[in-house]
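The chain below stands alone, shown as structure tokens; this is the form predicted on its own.
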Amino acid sequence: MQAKNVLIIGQGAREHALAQALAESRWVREIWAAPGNPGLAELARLSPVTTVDGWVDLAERVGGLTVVGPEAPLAAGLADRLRARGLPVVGPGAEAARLESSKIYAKRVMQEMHISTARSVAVDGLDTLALQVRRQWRLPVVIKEDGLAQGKGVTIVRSEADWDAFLGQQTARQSPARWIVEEYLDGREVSIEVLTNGRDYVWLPVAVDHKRLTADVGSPNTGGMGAYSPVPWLTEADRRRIDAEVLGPLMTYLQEHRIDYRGILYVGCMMTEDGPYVLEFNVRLGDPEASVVLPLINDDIYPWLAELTEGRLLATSLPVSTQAAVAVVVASQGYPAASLVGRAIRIGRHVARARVLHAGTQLVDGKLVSRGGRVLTVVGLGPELAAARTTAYAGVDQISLEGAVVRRDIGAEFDSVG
């Protein structure tokens, strides 16, 4: 194998984590990122390109391998375009990306393959949602936008007041016309991610994401406020059931329908008393999960990705570190509804075994300021989760951002920090 260039598509903490992992590879010559962020600029050459056409042209100029971070370019067919030009890319085509871009389609797949998932109904139009579903479904219910929503298109309705608030918000913002309404499931949520060629797969380290803005059960969903890995409470028996009842049937579906899938598959699972229930499929690495998963891969990630572009897996299992990782997101004031941007960011002293990943940042007149909702992700590593958590929050305490929103309970079950 010869050293190659790598192009990373995206500009968030997930892409910064990917660049960190690839920068450690002896097979990577030069890393590019488009559009990237100031943190990525320390590891990669940046390009301001933000369109599918632009990314295709850039990939041809860069040569080597392209890794697509976010879901929107995949849903828009970027991987298909690159493969049509003979360029190696990690990421499924647009047809497979429907598993994430249409929750209605994903539900049909699960029903066809008898994959356990919450009872649901597809709804067209706000009037139907307000006049029929509201009267017929017992609370609590979960309402999901059908299309891509960057992890924020989920609302849990627990009361009539919640219904009023939700319908008012959708009316005010001229919301999409299609939703999925689901029964609410009790259990523990876990993020399962695998490298797959659409036939076989290997597990990445398992993680737990914290979606709500705060620990309050009524808090709004976000793109994710933190994560930890590994997951001590997920047993080998649980993993075998996920293999048999979720991943295996989905691989069968992809093969039977001749769907080309060369990339990363994410399965959001609720572990209930009756076993695993699928909450969602994503067709890329989760964010913030990538921030804790990638540092725990105890191998050079590049050969795995290069083989995957050819529809092959490097081995039947991926070496995983015995270490632990905890990630904490530093978000802007007002997130997720209306983030306040342009505020100065100061990153203090380096904390040993902590990593600061950039997401919603930019340089203005040479000074680092906030650009989006989730601004930074601080990752702590350690021999076990309690130590990793201590390190992560020590790193967070070195961040200065006016009005910053930080959850202090990420991984709180493992010790009493914060």
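Because the structure is a prediction, the values reported are computed rather than measured. We number the residues from 1 along the sequence you see.
Absent from the display: the form predicted in complex with a small molecule. The rest refers to it.
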Exercise for review: Heavy atom within 4.5 Å of the small molecule in the model of the complex: which of R108, R212, R178, R241 fits that? Just give me the one.
Suggested key: R212
Exercise for review: Just give me the single entry in L126, I297, V142, M113 that has a non-hydrogen atom within 4.5 angstroms of the small molecule in the model of the complex.
Suggested key: V142
Check your understanding: Is L185 close enough to touch the small molecule in the model of the complex, meaning at least one heavy atom pair within 4.5 Å?
Key -> yes
Point to revise | 4.5 Å heavy atom contact, E307 and the small molecule in the model of the complex | key: no
Review point. So in the model of the complex, does N221 come within 4.5 Å of the small molecule, heavy atom to heavy atom?
Key: yes
Exercise for review: State yes or no: in the model of the complex, is some non-hydrogen atom of E189 no more than 4.5 angstroms from a non-hydrogen atom of the small molecule?
Suggested key: yes
Point to revise | Three-residue site K103, V154 and L279 fully in contact with the small molecule in the model of the complex at 4.5 Å by heavy atom | key: yes
Check your understanding: Okay, which stretch from 204 to 212, 298 to 306, 128 to 136, 86 to 94 lines the small molecule in the model of the complex, with non-hydrogen atoms inside 4.5 Å?
Key -> 204 to 212
